[in-house]
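In structure tokens, one chain follows: the form predicted on its own.
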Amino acid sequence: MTIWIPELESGARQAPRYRQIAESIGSAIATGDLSPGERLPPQRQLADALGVTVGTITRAYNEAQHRGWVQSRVGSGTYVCDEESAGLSFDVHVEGEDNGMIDMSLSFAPHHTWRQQCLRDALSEICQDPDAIAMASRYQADIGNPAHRKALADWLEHLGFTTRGELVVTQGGQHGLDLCLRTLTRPGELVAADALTYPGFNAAVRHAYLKPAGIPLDDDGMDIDALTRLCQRQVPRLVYITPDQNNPTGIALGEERRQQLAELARRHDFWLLEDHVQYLPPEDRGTSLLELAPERTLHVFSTAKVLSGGLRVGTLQVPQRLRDRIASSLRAETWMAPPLMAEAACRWIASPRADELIAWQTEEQQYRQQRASERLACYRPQGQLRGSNIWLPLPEGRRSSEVHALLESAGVRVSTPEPFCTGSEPAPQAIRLCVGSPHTRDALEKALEIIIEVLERGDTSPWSTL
């Protein structure tokens, strides 16, 4: 059998060899040179063939596994992931499935009975409307029913968002991200994002076999100077950003940097993918990239964080010149977003209860953010005043995996940093808490008590005694 051997570049400006090998694995999978389920060469054999150390190969295989391309099996070797094993690197736990567990690992909107009632009312209205039933039972335009598109565009403007170009109805924000990547990129191309970013974007990048580049963050958001240096070496095809509250850190991109990012995108001709799914009220938002660079910005929004995650109704705004390409990709994937769910969403947002629910949610998240920030103040938590998440750096010497395990055993689930790391960026020692997820304020208080108790114990890992 012929051993698969990647070609490595040389020179001072080239990427480290372990990263070249890892990226070669991803490219070989994309082109079919490596097939699902195929075993990679033994590490020593590949090291000898390339003239590198076994440690370099080990690091390369670990990098490829981190990106979701391969899977290591103890005592057997490393294999290309098949469709069943190439899952996401973050777990989704169905609300209420774990008896007694307070789940703060996912950004759910705060619980309110209005959500079920509003959906019930919308569906009841549809059932009484023969025209709506007829519409929902027919095929629609690939980018969505015109009436739904107008209603959703009007709602976005009502919420204070900029509207430009063509609006496409999607099956939620995640579908919008995936649609953009599959339309605008090809396997092996470079895309950039914050060094810590939304795990759903990282997962979509892995499944599209793209090369991710993590751009450092500071208190003012993405480091545009670092992105500029990347462009001097290799221009990314697309830059993804959540400008008003980075997920997981909550950091907002400064106004000057928004201008710089728009100018840099024009200079180097790359696309901007702007994500506003994590809702903030207008007064907490900065200038949208869609306003600054409408000719190259794609804007993602969803009903998930303000109405209901189960609706799976989102919007994707794209420049007019991309309309046909996006429509073609959507048609190839799903043909269209289900018109019944879009109709339900449009009837919901037409109700006065929609505004009341968003106003209540904004106030509730502010209370929860303030309460959690007060209780955890000594650990320097980060987050937006009315945002969904809190980023909690751990005390020196504590590891996120250890704290995560202790909290899980005590009945609180949180997110560790690894799923948020873009590309090969190292994971910081921190955890993310979603303040909207606990079912009640009392549940939030209980979770905070447990978190404080665990953090005050000190390092309990066996390594601390060595």
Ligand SMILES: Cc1ncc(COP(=O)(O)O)c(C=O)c1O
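Numbering starts at 1 and follows the sequence shown. If you're wondering where the values come from, they're calculated on a predicted model, not measured in any experiment.
The form predicted in complex with the named molecule is left out here; the points below concern that form.
* To do: Answer for S302 alone: is it within 4.5 Å of the named molecule in the predicted complex, judged on heavy atom distances?
  => Residue-level check for S302: yes, a contact with the named molecule.
* To do: Please run the contact check for E343 against the named molecule in the predicted complex: heavy atoms, 4.5 angstroms, yes or no?
  => No, E343 is distant from the partner.
* Wondering, does P236 line up within 4.5 Å of the named molecule in the predicted complex on heavy atoms? -> Taking the distances in the predicted complex, the answer for P236 is no, it never comes within 4.5 Å of the named molecule.
* Asked: Does the named molecule get within 4.5 angstroms of any non-hydrogen atom of Q317 in the predicted complex?
  -> Result no; Q317 lies far from the named molecule in the predicted complex.
* Within 4.5 Å of the named molecule in the predicted complex, do we find a heavy atom from each of Y240, N247 and D275? -> Looking in the predicted complex, the three residues Y240, N247 and D275 all sit within 4.5 Å of the named molecule (heavy atoms).
* Option from 277-285, 326-334, 375-383, 208-216 whose residues, in the predicted complex, bring a heavy atom within 4.5 Å of the named molecule -> Result of the contact check: 277-285.
* Residue (of S107, Q361, N145, T163) lying close to the named molecule in the predicted complex, criterion heavy atoms within 4.5 Å -> Here the answer is residue option S107.
* the named molecule isn't shown here, but in the predicted complex which of Q174, Q140, T185, T78 has a heavy atom within 4.5 Å of it? -> Looking at the other structure, the residue within range turns out to be Q174.
* Since the partner is left out here, which residues of 183-208 would have a heavy atom within 4.5 Å of the named molecule in the predicted complex? -> Going through 183-208 in order - heavy atoms within 4.5 Å of the named molecule in the predicted complex - there is one hit, Y198.
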